[in-house]
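So this first bit is one chain, no partners, the form predicted alone, shown in structure tokens.
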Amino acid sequence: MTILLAELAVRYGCELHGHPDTEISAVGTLKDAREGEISFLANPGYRKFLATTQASAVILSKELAAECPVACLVAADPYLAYARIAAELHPLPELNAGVHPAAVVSESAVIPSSCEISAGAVLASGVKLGERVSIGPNCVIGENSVVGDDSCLLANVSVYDGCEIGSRCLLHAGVVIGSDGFGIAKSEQGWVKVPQIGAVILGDDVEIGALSTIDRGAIENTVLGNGVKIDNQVQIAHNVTVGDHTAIAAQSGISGSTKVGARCIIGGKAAIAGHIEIADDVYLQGGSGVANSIKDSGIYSSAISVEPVTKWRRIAARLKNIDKIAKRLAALEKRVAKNKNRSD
């Protein structure tokens, strides 16, 4: 696919600097792009590569346009403009509609002729697919589950019974939707499993990264809103609700029955306790641990940054004594206040 730079400028609301007939056929990094490729500059750390770039064009901010040695598209948000242009230049493969002979499809499953069912896929009774759905190799879709129009399940995705996936969703390899939540009750003889009878409901335009797991609800459903984006290896426990357009980075975990608001950003390896609520528009930085509800939007962090090992050992030793130090400080403050009252 080849598109003129002028066409991209008009289509995505950018200001064009340079020859409008510049041909663009692919995207590339600022450092390694070649003729015919378009790159972008959004992170200041890559500014050093701008002067020597071999890209045919660069998407950047107005402040950097004068430094660009090649044609450029000036955008209010260069990364967003790049994302949209890259999606046009590198579209998803077209469907090869039909059911592969090596797929196993129940007679009661509803499969429109526009769908693609790959080899090894298993679709149980009562499954309903929308138009133009792609089911990848070795996917398993459980009884009475629903997949909306234009959704794509890549290889080895498992959707348990009774779950619903909205339209235009993308589930990467190894995703599990609707596995049992961690519901167990303690008895004198050991642990007793609590039946998990809810389901998982995904809204429209949801993307879930490879090997992430969304547990079904214990009684009510686990629900992900429209436009939710989840990275690889994320765990969402039973009865969690995630608001529209929230993004969750890799290796994060959300414990059961927690409610996450809309438009939140959850950094990698964040750990969120159960039965709490997080407000809309909250940004949790990577590695944050959340034990209590967050009622106000804003940026939150709880991680301790890396230190040289000798310094960290001293910090750790002092942390062990922090309770004693706090008690001594409280006693000292009390004495100071008492002496102050006497002097007054």
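Rigid core (definition): largest C-alpha set, two forms, superposition within 1.5 Å. Because the structure is a prediction, the values reported are computed rather than measured. When you see a residue number, it is the position in the sequence shown, counting from 1.
We do not show the form predicted in complex with another copy of the chain, though everything after this point is about it.
Remark: Ser252 counts among the residues lining another copy of the chain in the predicted complex, judged by a heavy atom distance of 4.5 Å or less.
In the predicted complex, another copy of the chain sits within 4.5 Å of a heavy atom belonging to Thr213. Taking non-hydrogen atoms only, Ala303 approaches another copy of the chain to within 4.5 angstroms in the predicted complex. Using a 4.5 angstroms limit between non-hydrogen atoms, Ala76 is distant from another copy of the chain in the predicted complex. The candidate stretches are 125-133, 107-115, 168-176, 144-152, and the one lying within 4.5 Å of another copy of the chain in the predicted complex by heavy atoms is 168-176. Residues Pro137, Asn138, Cys139, Val140, Leu154, Ala155, Asn156, Val157, Ser158, Tyr160 are the members of 135-161 with a non-hydrogen atom no more than 4.5 angstroms from another copy of the chain in the predicted complex.
After superposition on the rigid core, displacement of the C-alpha of Lys320 between the shown form and the other one stays below 2 Å. The Cα position of Glu333 differs by 2 Å or more between the shown form and the other one after fitting on the rigid core.
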